[in-house]
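Take a look at the structure tokens below, where one protein chain is shown in two forms, each on its own, as structure 1 and structure 2.
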Structure 1
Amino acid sequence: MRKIVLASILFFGVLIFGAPLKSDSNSAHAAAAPEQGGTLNIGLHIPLSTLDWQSTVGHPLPQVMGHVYEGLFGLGSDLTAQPELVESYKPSEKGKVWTFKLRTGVKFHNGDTLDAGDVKASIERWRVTGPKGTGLADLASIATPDAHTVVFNFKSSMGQFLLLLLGSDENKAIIMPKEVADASKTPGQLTEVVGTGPFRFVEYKEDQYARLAKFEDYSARSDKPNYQSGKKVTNVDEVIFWIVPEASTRVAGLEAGEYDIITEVPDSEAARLAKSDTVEPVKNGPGVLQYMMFNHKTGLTSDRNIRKAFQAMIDPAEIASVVVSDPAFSLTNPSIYAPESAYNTDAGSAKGKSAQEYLKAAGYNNEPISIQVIATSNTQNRIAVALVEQAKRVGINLQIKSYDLSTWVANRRDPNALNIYTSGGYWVDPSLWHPEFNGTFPSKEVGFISPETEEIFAKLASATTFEERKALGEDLQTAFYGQVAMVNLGYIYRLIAKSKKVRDPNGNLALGNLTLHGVWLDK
């Protein structure tokens, strides 16, 4: 069975990632037998904007709801798609038809048993409400020949289907009971939080805490634990996510023993926490690419020479060192694929001429160019401050425009407002760049699209061997850099911290968004 699974993944053969990132501290405790029970208190950096994970991306829904819900596939510790609710599956016709066999006897938190109807209703809802669900535009139909079989028919090759279902670990295609999915057509309007995960949702007190409790009837897989997939072991009775937006107070709370784990720790705390007897920092991968995005359709930045000048002026090492104070948590790397990814490459990253030459070619005459930041984002502000200084050195008049989130988002779409913005993310597969660079993001009026890259994306959709995909991935990066679709500003790592009482035998905390499977409390 395992063989079929592996052989049929379209990015197969090679694991995208090498060994999973490991938290140093865990190996020492790994041998101890997990203790049962207790409440895990987590200091979470951001309140839940909604309980409807299908309708949203971004923190902290994956951190919280990732324990309540499961998808057809989950992320494995190598960041590939691994079966979660699916028992076995089979693609055919170059990835146009996908047949999934569901696991049997899986219970929802409301006591119902999972069947194909639930899957169909959930995926249909996600497709409409999910920000990442738009990737299923070519889905022609979903058939449910029997209670445990689901067949997806596409109009074109969907080599990236399994990865799409993971929603970049931010907006997963999670499965809920059909009644709930059907009753909650409007995005953000979920009638009930019912999943199949190892924890059930108990309550959310707005801006105070979210509480989950162990789901006693959880039906675990039998294969060995593999990050979000494999056998999920629940050792604690209860998890409370406390909403603590202020970073310094999260850290103080951890040290005082109020929280067992805290998210989004400022890297400036790493060295100090590492010396503590009671708590420890955990470096959280994969590296997050920080990138500069342009208005590609109007204004100065629609001129390739101007964008080239930015590309040439960047000193990623300086940006990394001012954005992240501890060098262990940043990395300069020429690739648009995460440093841990097998697709990582330096293709097309040679810089070419100097910034001044490009500026001259563009006929640039000190016109102001703006970079918009979210006022409350430390990372964006720091990157922008460094960029302004680097721009000054080559003679570009770059100015920071600081906005609240909603204005920032609105302006990003607006061709008259946008010049440049920065953002971050990680990409583990070339196809996953497509939603961002198919000319619609952030809006049609400003987004990047080119025939050259569209052609590469089309080839990727039906490319089946890793070698083939790897070569196309290199072509894509070369094309991106050549046209300056975006500019790579370097990678930063996230940092979480935990009490030493928290044992994480599988090293799940060092990877992606918070995953608590297998974690236990040493009392």
Structure 2
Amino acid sequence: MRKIVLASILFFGVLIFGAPLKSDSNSAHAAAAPEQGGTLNIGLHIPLSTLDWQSTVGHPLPQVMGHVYEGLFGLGSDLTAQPELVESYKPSEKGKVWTFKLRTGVKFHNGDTLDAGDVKASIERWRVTGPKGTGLADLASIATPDAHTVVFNFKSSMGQFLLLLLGSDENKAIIMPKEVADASKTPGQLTEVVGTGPFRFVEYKEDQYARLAKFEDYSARSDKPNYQSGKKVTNVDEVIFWIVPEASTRVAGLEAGEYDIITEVPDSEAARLAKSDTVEPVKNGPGVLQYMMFNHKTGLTSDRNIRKAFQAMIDPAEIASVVVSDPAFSLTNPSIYAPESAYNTDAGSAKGKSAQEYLKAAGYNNEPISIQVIATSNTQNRIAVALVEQAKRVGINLQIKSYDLSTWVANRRDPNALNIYTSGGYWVDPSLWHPEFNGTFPSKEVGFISPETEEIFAKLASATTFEERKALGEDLQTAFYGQVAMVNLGYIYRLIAKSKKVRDPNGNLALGNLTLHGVWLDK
């Protein structure tokens, strides 16, 4: 009998992705014919808060429902949006009209065939229920001139960011049958879980497990596998996601053969697991950027020379190394875009004068500058201690102020309380920075905004080719670094682990949300 572990307090983390920690035996099997059948058992770190992926950004919906549902687009291995249910697409010259041609012969799990009406109804529901659906606020109408054509008409220019908006797995614009979308008006409440993905939903036992089964009538793309897009192959008969909140229980279950893959493994386990004959660690990304945020409107940090001094003093390798137990899970990279992103660049990252020169230009006289941390956040506290030491070396009087969560949130909005705080996240597209750097975050009284970056964000919103957006992304990073909108403190990675019986020829387990396409089990 499989043991089910419950917990009263759960951490809703974000599973991320990157390069494998070490090479496994997959390469030796990549050319071999995959074995068919069997059950893949996953030790999942948190339960499903809902079955309605359209209505939440919460995990672990992408890990589970990413196999049940598809969208018009999905993420490719370079983290750009690639066609999924779309056969082809074309924007008008100024991006106000986007025309999508759908793949033909795609079946839903209930036997119906996908058509344009399903897409329209699904997108209209996502606009209302989805946290990210507000990105379509400028959408005037959706037309369906025939069964396989969908036309988005915008009030103003909409650039290629639209594709990422539709394909992002954080809160995906998934496609369901029209009758399900129309009948499911309330966020978080679906009448049925019916998609077009390679697995169909079977059941969810709350706080125990979610079960998926192979969809025998799945219609795969013909192009090569490409993470969440491209050709998807299903080799196992079913997948069971067991809810196991305790990390030690997940690790023990993996080593005992109870689970084939487990999520959210402490990086302190990496070295030990790497020596095992039966299991192996897999590093996940994209790298999570740790970064420093400032009060840009008042106080010492409103002086660009002070911010430049911090920028000049930072040793990101030293900071990243104190955040993780294993140095293999930290990385120094000059970009504000994840190392795995197609937008990653070193533009504008070259340092100028020394920290002491910037402090002299600012007329700094050892006045205290505070960095606020959440008392219970190990990551923030470790970073702050390292920053205090680095500041001392260059003559900055940096002091740590520790608060409970609610006070920390309130103080970072207060111009009279905030100097500096740190945060973390990953960005695979330049436009994703705009919500935090448009002058309103964390409040209008402290947030960063500039005419230069606002102009770049506006151009990014309307650019319809990747080449345009790539160049604009470099411009944005150069502006961020030149004005010290934030300071790059280095990247960290997370860890999953798997049995060596699990074969993953496409490397998808190192690319994020447990994308199991192509995976098989050695008998």
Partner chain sequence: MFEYALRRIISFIPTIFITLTLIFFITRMVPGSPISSLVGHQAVSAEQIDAITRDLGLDRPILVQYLEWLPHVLIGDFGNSLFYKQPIIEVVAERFPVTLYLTVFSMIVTISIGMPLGIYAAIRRGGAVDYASNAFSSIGMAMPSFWLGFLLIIVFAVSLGWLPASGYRSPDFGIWNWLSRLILPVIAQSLAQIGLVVRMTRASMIEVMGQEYITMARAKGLSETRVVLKHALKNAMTQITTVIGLTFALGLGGSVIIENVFALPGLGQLITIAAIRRDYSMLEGGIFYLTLVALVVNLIVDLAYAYFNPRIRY
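Start at 1 and count along the sequence of structure 1; that gives the residue numbers used here. Only a predicted model underlies this, so the values are computations on that prediction, with no experimental measurement involved. If you superpose the two forms and keep the largest set of C-alpha atoms that fall within 1.5 Å, you have the rigid core.
Exercise for review: Return 1 or 2 according to which structure is the form predicted alone.
Suggested key: Structure 2, which is the form predicted alone, differs in this respect from structure 1.
Point to revise | Motion between structures 1 and 2 between rigid parts - which of Val239, Ser184, Lys120, Pro286 is the hinge | key: Among the listed options, Pro286 lies at the hinge between structures 1 and 2.
Check your understanding: How big is the turn of the smaller rigid part relative to the larger between structures 1 and 2, in degrees?
Key -> Treating the chain as two rigid parts, the smaller one turns 24 degrees between structures 1 and 2.
Check your understanding: How much does the C-alpha of Leu165 move between structures 1 and 2, in Å, when the core is lined up?
Key -> On core superposition, this C-alpha lies 3.2 Å from its counterpart.
Exercise for review: For Asn305, give the CA shift between structures 1 and 2 in Å, the superposition being done on the rigid core.
Suggested key: Displacement of the C-alpha, rigid core superposed: 11.0 Å.
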